[in-house]
Ligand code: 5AD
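Just the one chain here, laid out as structure tokens, in the form predicted on its own.
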């Protein structure tokens, strides 16, 4: 079989991991992968539905692909596929294949049905018994950093979020399987793993297999210790959910130097009224108590977060509460989003929509505040040495290389591409808006 497949990936780290898994299965089935869509016999769009704009982009992309003189088989996979199902065929007649979020392993058999003459193929079923997370090292997006999913889905049902509907309920992988994957990655020379999931600290496997003997208040903190014991040099995890964030997670980070000093803990709003409407299950005081635990750690943990502005009913006072919380937390990084209405979510039916002009004004005001605060937090790094995993040549200078610190900051320094994959101590000399610059003192 000489059919070539091109996969275009939108959205989060889970989608990147799904693409790696899909490519592994396709190569095993005899397909050849290509990085050029105009060479492909099959084009798969791995989609994101968290925001309306991302969903619209997918259908614009389908319209572009249908004009290709090669007339490839076009498949939509991922979250948009799971949510929209067969309606995609009506909305975009060029689509031949719709692949749900749990049908990744079945893509070769679905393509075989297209080859056998079926005009449109749909698979929204759950994972089949016995399917395991199998990713070939050759298909990883990086030879140095690997995403390792530990939990899929979400049980939280925040009123604005589509994930429980697109990804299903929480399902945790077994600890033995996760640890074995990390051990293999270490043996292959990977320097960093990122344990990923919609809510990693909701991790609850069916059994304790692989967690016995590890002290810890939660299954997730015991998993962190088990993974740290593999000896892999750097371990990060994302994303955490505030009400599931137990202090023992910080204790584990303090016990194991290879558990990186960074926590991403999305708060979404600083207003208790908005947090209740969002169904987050925590108050601003609850969140600040967790921040205090993180900030008082002996390891100087970096803290990043997400904020939604313009949620239905958000008043000026609600937004002022958010601004205050951001000042109090002094986040190392903040991802700010304007509220995007998602059909099928409870918030889609909420009244009292915030105007687009108010959303924009609040976005810009919060962005300005974060720039001011981030300038302070980044300048505190000047004069310090940070451990940096070199990943690529800097986009701004051929004389510089770029990587991430253990606290997940982008660091650039003078070097060359032979250093890719090495961990270098860098003395920070300058703080820039979203990165740091320094000089290598080792490696």
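Fair warning: this is a prediction, and the values are worked out from it, not measured in the lab. Positions refer to the first chain, counted from 1.
Heads up, the form predicted together with the ligand isn't pictured, but that's what we're talking about next.
Undergrad: Would you kindly say which of 191, 342, 236, 222 lies with a heavy atom within 4.5 Å of the ligand in the model of the complex?
TA: Comparing distances to the ligand in the model of the complex, the residue within 4.5 Å is 342.
Undergrad: Note which of 273, 338, 282, 106 lies within 4.5 Å of the ligand in the model of the complex, where distance is taken over heavy atoms; exactly one does.
TA: In short, 338.
Undergrad: Choose one stretch from 106-114, 90-98, 265-273, 366-374: the one whose residues place a heavy atom within 4.5 angstroms of the ligand in the model of the complex.
TA: Within 4.5 Å of the partner lies stretch 265-273.
Undergrad: Are any of the heavy atoms in residue 160 no more than 4.5 Å from a heavy atom of the ligand in the model of the complex?
TA: The answer is yes: residue 160 has a heavy atom within 4.5 Å of the ligand.
Undergrad: Is the gap between residue 306 and the ligand in the model of the complex 4.5 Å or less for some heavy atom pair?
TA: Taking the distances in the model of the complex, the answer for residue 306 is yes, it comes within 4.5 Å of the ligand.
Undergrad: Is there a non-hydrogen atom of residue 61 within 4.5 angstroms of a non-hydrogen atom of the ligand in the model of the complex?
TA: No, no contact at 4.5 Å.
Undergrad: Evaluate residue 50 for contact with the ligand in the model of the complex, applying a 4.5 angstroms cut-off between non-hydrogen atoms, and reply yes or no.
TA: Heavy-atom contact with the ligand at 4.5 Å: present for residue 50.
Undergrad: Any residue of 235-265 with a heavy atom within 4.5 Å of the ligand in the model of the complex counts; write them all down in order.
TA: Stretch hits: zero.
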